[in-house]
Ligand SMILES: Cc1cc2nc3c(=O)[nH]c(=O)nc-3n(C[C@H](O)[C@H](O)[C@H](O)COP(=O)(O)OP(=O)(O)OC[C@H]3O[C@@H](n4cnc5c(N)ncnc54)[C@H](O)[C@@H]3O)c2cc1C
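Okay, so here's just one chain, in structure tokens, the form predicted on its own.
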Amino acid sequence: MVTLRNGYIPETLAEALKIRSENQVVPYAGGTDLMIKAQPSSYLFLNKLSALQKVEQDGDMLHIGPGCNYTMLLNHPAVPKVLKEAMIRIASPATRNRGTIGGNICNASPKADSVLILYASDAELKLSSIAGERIVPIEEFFTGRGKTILREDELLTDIRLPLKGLDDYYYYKVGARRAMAISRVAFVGLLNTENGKISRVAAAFGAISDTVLRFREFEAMLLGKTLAEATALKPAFLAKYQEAIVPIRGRVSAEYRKQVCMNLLADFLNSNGI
């Protein structure tokens, strides 16, 4: 371990967890979000830990180290195309060389591009401390804008991404420009069929509320249905979302955001023959 005036540089993950348990420190990997806050803090510098920078596939599960920066993930053959499509739209190449997927998650912004994909794909997070570890669905990790369930003695140590069914996706990000744009509305949809019936539906909306929005109870309306049956249910399905989506106002109006959400949801269904 190296002790600095403003923090610590651990040599191993075990050492990092020990420091985390004994000191009030802010985890620091790429620092692309932390650097702009300019608040005096004691940091736990994690950018040297190779244990947090691995990508390993185990069957249909992809384990992504939270210390992986976006460039590493964009160049990795095991990372699914839908996640790459979201990450390539994050900031500039220089920022993607520094920023990490773990930071994108733990910063808890509802506009986080990679988080939207993880929501729709039922990803799980491993949170570790010297006392042990716990696995939580990503939806349970966030409690509000900038707020998570991560304890002060814990670190995010693994992102578990199920790979099955991610090839059939619909993704769209609405921003003020084509590059280096913060989302005004972002949407990802997944729809899979087996034996002529819908086996999976996932629709997630980013940048419109304090957390990513996903309504599993509405998705369940289409499960087990044929495309024809789903088409008959489409008006009722859209009506549920029309009522439930209540965007917050940001750089654009809430009314604009809601209309874009509904347009994208309808286009997602249309693209799947519904």
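Computed from a prediction, not measured in an experiment: that's the story for all the values here. Residue positions are given as counts along the sequence shown, with the first one as 1.
Separately, the form predicted in complex with this ligand exists; it is not shown, and the next lines address it.
The candidate spot formed by V2, P10 and S50 is out of contact with this ligand in the predicted complex: none of the three has a heavy atom within 4.5 Å. Looking at N107, you'd find a heavy atom of it within 4.5 angstroms of this ligand in the predicted complex.
For G102, a non-hydrogen atom is located within 4.5 Å of this ligand in the predicted complex, even though that partner is not displayed. For T95, a non-hydrogen atom is located within 4.5 Å of this ligand in the predicted complex, even though that partner is not displayed. Interface residue remark: T32 is counted as part of the site for this ligand in the predicted complex, having a heavy atom within 4.5 Å. Out of the listed residues L83, A120, L125, A112, A112 is the one that sits within 4.5 Å of this ligand in the predicted complex by at least one heavy atom. None of L150, V174, I138, A202 but one reaches within 4.5 angstroms of this ligand in the predicted complex through a heavy atom, and that residue is L150. Note that among 130 to 138, 85 to 93, 162 to 170, 193 to 201, the stretch whose heavy atoms approach this ligand to within 4.5 Å in the predicted complex is 85 to 93. Contact annotation for 3 to 28: residues with any non-hydrogen atom within 4.5 angstroms of this ligand in the predicted complex are V26, P27, Y28, listed in sequence order.
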